[in-house]
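In the block that follows, a single chain appears as structure tokens, in the form predicted alone.
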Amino acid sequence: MWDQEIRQMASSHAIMASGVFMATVVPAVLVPGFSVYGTHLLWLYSVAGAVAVVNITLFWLLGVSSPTKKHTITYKVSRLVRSCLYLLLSCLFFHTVVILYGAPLLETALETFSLAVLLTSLTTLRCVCVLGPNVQAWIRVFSRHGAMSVWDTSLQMVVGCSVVGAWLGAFPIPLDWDRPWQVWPVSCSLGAVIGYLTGLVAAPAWIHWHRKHLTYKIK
């Protein structure tokens, strides 16, 4: 059971990583002058969109999200509306946090909000897909020893790596190297995506090597 669960996770993570790769390669072929630096916002939204589509599709097909007892149309619509609301609030939250960390308030508002959208697609969207629009479940998973499945553990690692990657990406910006990737928010978004990819690789490997010490039950 462990091996099957881990193989399923590794396969889904490989598809997610491929989505990021395709979101970079396909626009480079179809859009003249496309580049990660020169048309950064286009690349950023391409990656965010690809991550969103792949995550929603995969988690829906895998049935990872906790099953609900209510199957009425009203409940499903309410669940969808709450999920969209959480994603919007997440964008506003990340936008505010980035500004508090020193991003310009007005001069680069579009770039800052675009970074917030990317971070939401890499983190909050995954929470919604795995746990649903349930803040209490989110708090449980990200508390100490709160993971109850391998997917909860992978959620912790992917979200953590994405946020840390974006944070580390801000360090080169003040340096006077005058490189194209130091323009706001190129290095932060690159750091977030690299952190996301790192989490996708690290989660199945870490769970595989530490599975004997994990005590939760697989759903």
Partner chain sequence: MRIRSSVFACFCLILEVLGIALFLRGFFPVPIKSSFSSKSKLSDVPPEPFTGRSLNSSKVPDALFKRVVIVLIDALREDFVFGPNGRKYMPYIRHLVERGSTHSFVAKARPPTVTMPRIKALTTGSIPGFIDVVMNLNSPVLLEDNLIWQAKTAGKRMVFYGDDTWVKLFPKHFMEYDGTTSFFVSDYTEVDNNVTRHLDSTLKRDDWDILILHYLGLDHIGHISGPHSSLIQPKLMEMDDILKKIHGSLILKEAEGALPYLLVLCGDHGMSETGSHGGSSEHEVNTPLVLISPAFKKKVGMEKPSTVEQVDLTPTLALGLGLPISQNSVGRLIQPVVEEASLRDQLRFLHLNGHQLSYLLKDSMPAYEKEEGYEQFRVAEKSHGNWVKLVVEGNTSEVLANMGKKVFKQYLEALRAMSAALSKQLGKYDMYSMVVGMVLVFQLLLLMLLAMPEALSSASEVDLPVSSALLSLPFYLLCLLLSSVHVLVCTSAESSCYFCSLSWGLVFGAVALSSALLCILVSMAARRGAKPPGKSPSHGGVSGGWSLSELDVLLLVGTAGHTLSLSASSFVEEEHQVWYFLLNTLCLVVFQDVCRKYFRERRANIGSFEDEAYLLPSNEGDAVASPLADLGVTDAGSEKWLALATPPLTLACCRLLRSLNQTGVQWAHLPDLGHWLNSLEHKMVLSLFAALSLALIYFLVQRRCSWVSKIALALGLLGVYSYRAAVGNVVFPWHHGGGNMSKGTVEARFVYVFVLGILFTGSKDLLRSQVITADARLKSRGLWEIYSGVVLLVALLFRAHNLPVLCCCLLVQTLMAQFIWKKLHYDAAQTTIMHYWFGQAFFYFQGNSNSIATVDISVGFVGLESYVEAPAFFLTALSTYAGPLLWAAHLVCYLSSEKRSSVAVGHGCYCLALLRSVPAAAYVVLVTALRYHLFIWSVFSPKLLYESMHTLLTAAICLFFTTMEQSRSSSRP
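Residue numbers count along the first chain shown, from 1. The structure displayed is predicted, hence computed values, not measured ones.
Heads up, the form predicted together with the partner chain isn't pictured, but that's what we're talking about next.
- For the partner chain in the predicted bound form, the listed stretch (143 to 151, 124 to 132, 84 to 92, 108 to 116) containing residues with heavy atoms inside 4.5 Å is 143 to 151.
- This chain is displayed alone, yet in the predicted bound form one of Leu41, Ala52, Ile194, Ala170 has a heavy atom within 4.5 Å of the partner chain; that residue is Ala170.
- A residue is said to contact a partner when one of its heavy atoms sits within 4.5 Å of a partner heavy atom; Ser78 fails this definition for the partner chain in the predicted bound form, lying far away.
- For the chain shown alone, Leu175 is a contact residue for the partner chain in the predicted bound form, at least one non-hydrogen atom being within 4.5 angstroms.
- The closest heavy atom approach of Thr74 to the partner chain in the predicted bound form falls outside 4.5 Å.
- In the predicted bound form, Val97, Ile99, Leu100, Tyr101, Gly102, Ala103, Pro104, Leu105 are the residues of 86 to 125 with at least one heavy atom within 4.5 Å of the partner chain, listed from first to last.
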